[in-house]
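A single chain, nothing else alongside it, follows as structure tokens in the form predicted on its own.
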């Protein structure tokens, strides 16, 4: 049956999760790609291990608050050093990414808890609960409001920070607001997406859309369409083929879209 999966609650929850996560990734991914920050979000994902380690060391029963707080501090510090121009951006991000992973592994090893949190590496969107879906819904609403208010400013900053500053736009403040938004979304989604895959889900639909988009609006719309297509098709395929994990299938389909749009652009 084409819709036989709908009878299972875990599949319905996963379907809703994809519907909620992909618009979040679309809004953030377009600016991440435009600003050349692909490895920034990757470093944030790696820092999640440290957030979990801090939560475990503190004896917290719920480690997500520790992850989010650490990720925000991590993102602001990385952004501050990145914008100082004292070192190249890729070097700064590489240093933070390596330190985030190493510190997280040390903390989890000291607490003897690493094996319990290995699922964070690849995630499991099929494990999402109704309460987590409500949290995702609230997050999507908050990011959508932020985008409606600040998208034009974010977009101008990505094109030219100097022009944005000359027009009275608080470039530094909005830049920090953006990286905080990325940090929060990455930490909320990483349990279901996995730190090894979350950056791919953030940037691949946006990178594919950039090949064929003709305006900022079409860029965002195409990113959303590509993200939803990859997410829903990957979920459907993994349900009918137990050998295929959902997260990796979503990434592979997004990768196919990237190369298809690349050759379409190249042949125009």
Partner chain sequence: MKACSLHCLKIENISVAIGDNAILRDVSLHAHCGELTAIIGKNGAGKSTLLRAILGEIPHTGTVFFSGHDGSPAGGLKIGYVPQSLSVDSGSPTTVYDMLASMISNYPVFLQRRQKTVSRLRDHLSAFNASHLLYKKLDRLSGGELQRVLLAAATLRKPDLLLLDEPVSGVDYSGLQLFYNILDSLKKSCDMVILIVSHDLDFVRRYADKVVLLNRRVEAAGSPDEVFKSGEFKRLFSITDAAKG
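Just so it is clear, the structure is predicted and the values come from calculations on it, not from any experiment. Positions refer to the first chain, counted from 1.
Heads up, the form predicted in complex with its partner chain isn't pictured, but that's what we're talking about next.
Undergrad: Quick one: 41, 46 and 64 and its partner chain in the predicted complex, is every residue within 4.5 Å by at least one heavy atom?
TA: The answer is no: none of the three residues contacts the partner (heavy atom, 4.5 Å cut-off).
Undergrad: Residues in which of 230 to 238, 55 to 63, 208 to 216, 195 to 203 have heavy atoms within 4.5 Å of its partner chain in the predicted complex?
TA: One stretch meets the cut-off, namely 208 to 216.
Undergrad: Among the candidate residues 89, 139, 176, 155, which is the single one with a non-hydrogen atom no more than 4.5 Å from its partner chain in the predicted complex?
TA: For this set of options, the contacting one is 155.
Undergrad: Could you check which residue among 163, 110, 98, 77 gets a heavy atom within 4.5 Å of its partner chain in the predicted complex?
TA: That would be 163.
Undergrad: Given that its partner chain is not shown alongside this chain, does residue 26 nevertheless sit within 4.5 Å of it in the predicted complex, heavy atom to heavy atom?
TA: Output for residue 26 is no: heavy atoms all beyond 4.5 Å of its partner chain.
Undergrad: So in the predicted complex, does any heavy atom of residue 130 sit within 4.5 Å of its partner chain?
TA: No, residue 130 sits far enough from its partner chain in the predicted complex that none of its heavy atoms falls within 4.5 Å.
Undergrad: Would residue 106 count as a contact of its partner chain in the predicted complex, using a 4.5 angstroms cut-off between non-hydrogen atoms?
TA: Heavy-atom contact with its partner chain at 4.5 Å: absent for residue 106.
Undergrad: In the predicted complex, does residue 126 have a heavy atom within 4.5 Å of its partner chain?
TA: The answer is no: residue 126 has no heavy atom within 4.5 Å of its partner chain.
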